[in-house]
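Take a look at this one chain, the form predicted on its own, written out in structure tokens.
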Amino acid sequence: MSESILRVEDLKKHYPIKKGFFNRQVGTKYVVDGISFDIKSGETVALIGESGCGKTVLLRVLLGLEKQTSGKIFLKGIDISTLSKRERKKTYQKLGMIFQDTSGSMHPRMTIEQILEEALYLVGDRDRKSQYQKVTDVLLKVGLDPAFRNRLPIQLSGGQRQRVVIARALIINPAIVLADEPVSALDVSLQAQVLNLFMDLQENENLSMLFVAHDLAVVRQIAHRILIMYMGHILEEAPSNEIYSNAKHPYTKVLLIASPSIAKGINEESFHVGLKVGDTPDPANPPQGCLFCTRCMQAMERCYKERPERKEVSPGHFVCCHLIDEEES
């Protein structure tokens, strides 16, 4: 079995709610509330969930931009929280980040070469000759002509800018890449091109990646495992083919039906699933029982009172749902 590049254990990120003249804490927002997963070498894990479920906050914690409330983060077996400030900074430099907003993540007055060289400079590579060659190599790797090094971001198309952002993440030779909805801002044809690039990098570079998205159709070809996130929790985790062929949690089934390209091959009636009208509950006041019970058409009385435990229904396939107990009985 290959080693774990990134392992997260019971990670929590809570925000205090403060009000009044004395700024007293009157509540807590449970944005990330007990997440655990691991990513092996050469593996792509997709984190799927709707807006507001805590995906971006989780990424910010993994990048060290915010400190976790509790829980542990291991990078190549090393607990980041036990490191000194200097060692922790060096460890975070091993993480490559691909942003959703390509325009906002690149300085508009810097050339592509300067943008990529800056990434090398920040990790301690100050040799100009080495930097020039690495910029050339990484541009070729992401399918861009090295002549693009002299262009400004505004002179590139959306797909080309996304390739530059991917190049910036790869040029530091990261242990793992974190991608925050890297294709959601692109049209369908450009999405296909960028996803094909990711698959090429998986094959040729043994790329390890956490790929965050809100659409299950986007990650169908590139994810080895999929995590379904809702209100700061993982409700279902399984190998990619299991999610698409044998989803167990009602929320996962709703996400599948909501993806037109996937729903064409699904018999919705066989899923016996629907979605109640209403907004996602407030993370400051989550349901007492199952987090999805207020929106689930299959919710039972037990679902409103008791939080379901994580159960393994088949090898590597974990679900948090009381319906699993009903099927077994």
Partner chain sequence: MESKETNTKTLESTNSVARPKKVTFRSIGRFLWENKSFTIGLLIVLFMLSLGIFADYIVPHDAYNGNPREKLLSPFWMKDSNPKYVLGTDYIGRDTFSRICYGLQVSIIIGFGSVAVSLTIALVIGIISGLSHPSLLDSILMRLTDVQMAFPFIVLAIIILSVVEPTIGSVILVLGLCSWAVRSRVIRSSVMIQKESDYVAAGIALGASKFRIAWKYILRNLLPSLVAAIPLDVANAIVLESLLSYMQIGLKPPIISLGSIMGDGRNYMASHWWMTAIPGFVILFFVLGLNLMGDTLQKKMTDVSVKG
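Positions refer to the first chain, counted from 1. Everything quoted here is computed from the prediction, not taken from an experiment.
Form predicted together with the partner chain: not shown, discussed below.
Triplet 119, 122 and 163 all within 4.5 Å of the partner chain in the predicted bound form via a heavy atom: Per the other structure, all of 119, 122 and 163 touch the partner chain.
The unique member of 205, 127, 79, 145 whose heavy atoms fall within 4.5 Å of the partner chain in the predicted bound form: Residue within 4.5 Å of the partner: 145.
In the predicted bound form, the one of 133, 84, 173, 155 near the partner chain [non-hydrogen atom within 4.5 angstroms]: Among 133, 84, 173, 155, a heavy atom within 4.5 Å of the partner chain in the predicted bound form occurs only for 155.
Non-hydrogen atom contact residue 167 with the partner chain in the predicted bound form at 4.5 angstroms: Result no; residue 167 lies far from the partner chain in the predicted bound form.
Interface membership of residue 190, the partner chain in the predicted bound form, 4.5 Å heavy atom rule: Yes, contact at 4.5 Å.
Exercise: residue 179 in contact with the partner chain in the predicted bound form, heavy atom 4.5 Å: Residue 179 lies outside the contact set for the partner chain.
Any non-hydrogen atom of residue 99 within 4.5 angstroms of the partner chain in the predicted bound form: Yes, residue 99 is a contact residue.
In the predicted bound form: members of 97 to 125 within 4.5 Å of the partner chain, any heavy atom: The stretch touches the partner through 99, 101, 104, 105, 106, 107, 108, 109, 110, 114, 118, 119, 121, 122, 123.
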